[in-house]
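The form predicted alone is given below as one chain in C-alpha cells.
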C-alpha cells in the first residue's frame, strides 16, 4: 500500500473516532443536564415557565378549601389553619403535621423541640392558636394494634 492510501485510511479512522467521541460526549452532557433538571426548563420559553411552574399552581390553590380540606396543603379546615400554613409549612411539608397526632401538651412539646433544635422562631401569641388548631384537628388516635386476622386459610410450607 502506498503512503497516500495509508494516510487516507488514518484520516478516515480519525474522523470517525472524533465523531463518535463528540456524540458520546454530547449524550453524556445531556444526561447530566437532564438528571439535574428533568423538566428541561432551559428549553421552555419564559412565558410558559410562569404558567407551568408549581408555584403558580400553588398560588392558584393557596386559599381554596374543598370538602373541608385546604387544597394546597391537605390540612383540615379550621380556625388557625392559615397560621399553621404560614408558620409550619414554610419549613416542612404539611404531611409532617398530618402524620403526627397529639394533645395540646404533645403539640407544645413538639414546638419546643423544634425551637430548641430546628431553629423554629418564637411563635408569640400565635403559639396557642396553632396548638389549639393542631390539637383539635390532629388529636391522638385511640388505635392499638391492628385487628386480629380472621377467616384465613393457613397452609404449611414444604
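Computed from a prediction, not measured in an experiment: that's the story for all the values here. Numbering follows the first chain given and starts at 1.
Not pictured, yet referred to below: the form predicted together with a small molecule.
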| field | the small molecule contact in the predicted bound form: residue 30, any heavy atom under 4.5 Å | value | no
| message | Check residue 92 for me: does it contact the small molecule in the predicted bound form (non-hydrogen atoms, 4.5 angstroms)? | response | yes
| query | Would residue 41 count as touching the small molecule in the predicted bound form under a 4.5 Å heavy atom rule? | reply | no
| field | Proximity of residue 64 to the small molecule in the predicted bound form, heavy atoms at 4.5 Å | value | no
